[in-house]
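To begin, one chain is listed below as structure tokens, in the form predicted alone.
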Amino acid sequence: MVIEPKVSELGEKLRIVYVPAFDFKTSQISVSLLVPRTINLAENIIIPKYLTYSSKDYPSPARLNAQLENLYGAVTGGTVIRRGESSKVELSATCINNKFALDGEDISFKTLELLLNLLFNPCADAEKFDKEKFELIKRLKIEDIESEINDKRQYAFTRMIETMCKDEVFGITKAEILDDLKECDEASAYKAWKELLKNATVQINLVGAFDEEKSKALVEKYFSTVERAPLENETVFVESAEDVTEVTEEMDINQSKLVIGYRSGMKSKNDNFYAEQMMVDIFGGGPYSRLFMNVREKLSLCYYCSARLYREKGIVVIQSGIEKDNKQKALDEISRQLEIMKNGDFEEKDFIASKSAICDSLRGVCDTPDGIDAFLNTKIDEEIIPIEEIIANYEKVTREDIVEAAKKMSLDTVYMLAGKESASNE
């Protein structure tokens, strides 16, 4: 399926992206609001869950769920993610395609109306969120963050990022976030919600069967009630590492976690991105990658070993699970494989496999409404390039481009969560 996004600019940093898709069984809606991470970070973690818990018109989860049932079992959700050095607050909804509704009912429009109602009409009074509901959501979010230590792989990744980016907004620690969460209250969250509507870069995605003009008018109606003054979303890119930081922490676990951070040499998220992404994929992406085939399969130095490019910050992270005594061997082999990339000694079949895998994955984006929506949400503050053009850009990448991208890589941080010596599948 070829998608043709229709972008309607409704104001400064406020737009609707509509993808007509009438063959899917469902329609997908998302409202994404992007703001600098330094502003109301703790409150913005709570806000999306609070907004989708209830509203003035639906003051209890039971009332809200009853309305969702009236919309043929529509589903709503709220989340926040780190996107570079910004926070992306997102409210989303999934509903059935209008053609499956009885009596020609416009379910897509009514679901959009409900989602906007949740965003603009929270349970609040006297410039405060409802205390009981707020404290419930706050407690659950604190518990979520505190429980991360139970996922050792995620915990090790977080600790490496906190170490590598300790002087950057990207590296704000979980401890700092928890302290701020415990300090925030229903009044500060209400104020943050008002500022979110005012200051965010906003993108509303409509994927499926929608009346374009009717939907646009509804969005304009809601946003006309707020005074908009969008802020710039910027991320500091550190091109190269000045030195290498090594940190080892011990924990009573069976399988040690080795997480390595590299500076990619990128100056911005679009700087040589296609070659950078493909280089990282050949190095440590799919089952054809250098790390998988050599560090894991051939030498059996780890239980898993993969690399990922974080485009929004320009860093490459390698994660692996190893035996404690294999740390130096794994580090040496990972470094050797990177040197192979820098020297251009990777095999042609791996180059072809990577290009094919990336392009096939992009084509698969169009298979589902939520896949299309997720793709569009990576473009919230930039021009939306057609997937066919993105694929063409990957097809143009040469082996020489890969080598140049690899040569820019510089080792920054080595983090080890060390445990016992015996193996486990944690």
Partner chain sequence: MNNIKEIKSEKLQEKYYEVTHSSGLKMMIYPKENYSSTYVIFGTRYGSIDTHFKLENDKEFTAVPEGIAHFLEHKLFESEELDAFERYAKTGASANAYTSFDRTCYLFSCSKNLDKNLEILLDFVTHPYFTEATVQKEQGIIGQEIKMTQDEPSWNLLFSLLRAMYKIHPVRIDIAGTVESISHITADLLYKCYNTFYNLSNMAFCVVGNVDVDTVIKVADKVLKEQKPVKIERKFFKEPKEVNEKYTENRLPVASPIFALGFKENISTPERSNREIIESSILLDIVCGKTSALYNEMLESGLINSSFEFEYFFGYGYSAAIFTGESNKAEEVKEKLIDRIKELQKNGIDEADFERVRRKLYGRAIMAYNDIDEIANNMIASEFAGECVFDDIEILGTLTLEELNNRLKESIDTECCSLSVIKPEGD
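For the two forms, the rigid core is made up of the largest set of C-alpha atoms that agree within 1.5 Å on superposition. Small disclaimer: the values here were computed from a predicted structure and weren't measured. Residue numbers count along the first chain shown, from 1.
Beyond what is shown, the protein has a form predicted together with the partner chain; the following relates to that form.
Contacting member of E297, E212, D332, D325, with respect to the partner chain in the model of the complex [4.5 Å, heavy atom]: Checking each option against the partner chain in the model of the complex, the one that comes within 4.5 Å is E297.
Quick one: of N393, T398, T38, N70, which gets a non-hydrogen atom within 4.5 angstroms of the partner chain in the model of the complex? In short, N70.
Given that the partner chain is not shown alongside this chain, does L102 nevertheless sit within 4.5 Å of it in the model of the complex, heavy atom to heavy atom? Flag for L102 set to yes.
So in the model of the complex, does I387 come within 4.5 Å of the partner chain, heavy atom to heavy atom? No, I387 sits far enough from the partner chain in the model of the complex that none of its heavy atoms falls within 4.5 Å.
Contact between S30 and the partner chain in the model of the complex at 4.5 Å, heavy atoms? It does not: once the partner chain is placed as it appears in the model of the complex, S30 has no heavy atom within 4.5 Å of it.
In the model of the complex, N65 touching the partner chain (heavy atom, 4.5 Å): Answer yes; at least one heavy atom of N65 falls within 4.5 Å of the partner chain in the model of the complex.
Heavy atom contact within 4.5 Å of the partner chain in the model of the complex, the stretch among 275-283, 337-345, 180-188, 90-98: Of the options, only 90-98 has residues within 4.5 Å of the partner.
Sequence-ordered residues of 287-316 touching the partner chain in the model of the complex, heavy atom within 4.5 Å: Going through 287-316 in order - heavy atoms within 4.5 Å of the partner chain in the model of the complex - the hits are P287, Y288, F292, M293, R296, E297, S300, L301, C302, Y303, Y304.
Is A126 among the residues whose Cα moves by 2 Å or more between this form and the one not shown after superposition of the rigid core? No, the C-alpha position differs by under 2 Å between this form and the one not shown.
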